[in-house]
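This document opens with one chain alone, in structure tokens, the form predicted alone.
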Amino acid sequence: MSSNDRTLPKGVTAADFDKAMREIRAIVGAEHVLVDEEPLAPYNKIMMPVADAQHAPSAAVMPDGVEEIQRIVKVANTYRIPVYPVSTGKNIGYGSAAPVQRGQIVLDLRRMNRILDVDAELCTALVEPGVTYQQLYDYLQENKLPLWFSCPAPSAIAGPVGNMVDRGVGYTPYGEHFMFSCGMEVVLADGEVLRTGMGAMENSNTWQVFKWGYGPTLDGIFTQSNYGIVTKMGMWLMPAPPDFRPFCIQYPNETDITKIVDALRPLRIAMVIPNAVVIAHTLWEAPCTPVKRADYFTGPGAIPDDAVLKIQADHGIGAWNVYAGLYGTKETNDANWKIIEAVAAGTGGTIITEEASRGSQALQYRFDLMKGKPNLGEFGLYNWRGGGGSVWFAPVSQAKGTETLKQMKMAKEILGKYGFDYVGEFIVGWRDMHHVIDLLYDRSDETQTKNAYACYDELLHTFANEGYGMYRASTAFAEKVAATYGPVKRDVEKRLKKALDPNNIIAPGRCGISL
């Protein structure tokens, strides 16, 4: 490979880059520094509808501790080389492990995979960034601890630190993950180590039980940002309830979304339903059933409504499929179950219990997620169209029926204009709904790839014009999404960046933040 073919950080010479790599190899060991094309392949852009070169890394480095990270950031400051931290690198649909800008060094924290503490009495855990949800689940099972946690859909391979830092969500009553984190350890750009909350005190034993400490609460600035590298995180676990009663309510019409949301919102706010309610559209359920798109439609454009209706009829799928659960004692769940039955009957829904769902792949993975059991059931989505392209569009809406119907119609119209299907769901919410749409396309098809980018761009700006912001976004659209939140917020973020990372070496461009 000639020097002209090498991927280098912007503004860094090959000679300086090689010097930096030699110094980093001395810190972590040569076997934990990757610079050649083939071993770097897992860190390349995978699903995003942009050119591969746009997010190509220059190297990947795998430290095994806080001290090594401190030494690495000092090297990065010396040579002005940006590092892009990832925990497990499985941020599927939002960018995976690829750096936000070409040439950044991926700081892969997967070797830091130690479960440092689990307190069964206080229901807390302290973990490193490389710990996966599956690893934590196995630990709890092996030690016979009656504790659950909340995890996202790709949970078996993803981890709690990365998901929380990206403000991901899950499906148990602890589904708002940042809300149920408690205490961080962060390596700052100058190499200093900050412990947030009570962790800042020497000999503190309340780091994982009291979130706030004294003074300004700092944890939030290290989520969806690039102000530091999170190396430890506390999280709250929930006691396994004596009685867990998951259920699905199916509805026959797309317009039913209005009465679904308006009927369930009061139950969610009052905590009759304590977990993240999911309202999944037919085409989210179909590929996880599994059903193949090609069996119902092979023509150009989006799948027509009559084909969607046939899928519903053939496979017993609702136009909307509501997933939730009751968590409590048998007595409390018996009482609340009567409320659920009344709501379903009053809104025209059909309840499917866990017992009645036996044999349904789509329902079982949902019920497992609602008790914090990791799985990969949702990966069936990627077989729907085929071709491996996926970019998730995730605007927030109010938990009002009319708002969700409006968003669904807007999205469906724009997706159809570019020939893509509406594959969406509304999730979580006490007073909000996260509207998650998986824009699936064939990345081996150049036209579809270009259309996917243009479609996402139109979705983003159309929704922003209506006042709908994104709660999370693909790294390919970080700058555009950040711009929709206005100049004052961005200016404050830039001032924080300048104060904490004056050489701009931690993931510049992440969430649109850079100097």
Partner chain sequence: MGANRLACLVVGAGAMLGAAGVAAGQWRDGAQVYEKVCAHCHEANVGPVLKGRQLPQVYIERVVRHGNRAMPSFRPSEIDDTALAEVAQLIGASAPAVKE
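Numbering follows the first chain given and starts at 1. From a predicted model like this one, the values you see are computed outputs, not experimental measurements.
Absent from the display: the form predicted in complex with its partner chain. The rest refers to it.
Peer 1: Just give me the single entry in A200, L405, A344, L145 that has a non-hydrogen atom within 4.5 angstroms of its partner chain in the predicted complex.
Peer 2: The option sitting close enough to the partner is L145.
Peer 1: Just give me the single entry in G325, G349, G103, P374 that has a non-hydrogen atom within 4.5 angstroms of its partner chain in the predicted complex.
Peer 2: It is P374.
Peer 1: With a 4.5 Å heavy atom cut-off, would you call V33 a contact of its partner chain in the predicted complex?
Peer 2: Outside the cut-off, so no.
Peer 1: Should P152 be classed as touching its partner chain in the predicted complex when contacts are defined as heavy atoms within 4.5 Å?
Peer 2: No, P152 stays farther than 4.5 Å from its partner chain in the predicted complex.
Peer 1: In the predicted complex, is there a heavy atom of its partner chain that lies within 4.5 Å of any heavy atom of P42, even though the partner is absent here?
Peer 2: Looking in the predicted complex, residue contacts with its partner chain include P42, since a heavy atom lies within 4.5 Å.
Peer 1: Is there a heavy atom of E355 no more than 4.5 Å from a heavy atom of its partner chain in the predicted complex?
Peer 2: No.
Peer 1: With the distance limit set at 4.5 angstroms and only heavy atoms considered, check whether T88, A120 and G387 all reach its partner chain in the predicted complex.
Peer 2: Yes.
Peer 1: Specify the contacting stretch among 312-320, 68-76, 169-177, 128-136, defined as having any heavy atom within 4.5 Å of its partner chain in the predicted complex.
Peer 2: Looking at the partner contacts, the answer comes out as 128-136.
Peer 1: Pull the contact list for 380-399: residues with a heavy atom within 4.5 Å of its partner chain in the predicted complex, in sequence order.
Peer 2: Residues within 4.5 Å: G380, Y382, N383, G387, G388.
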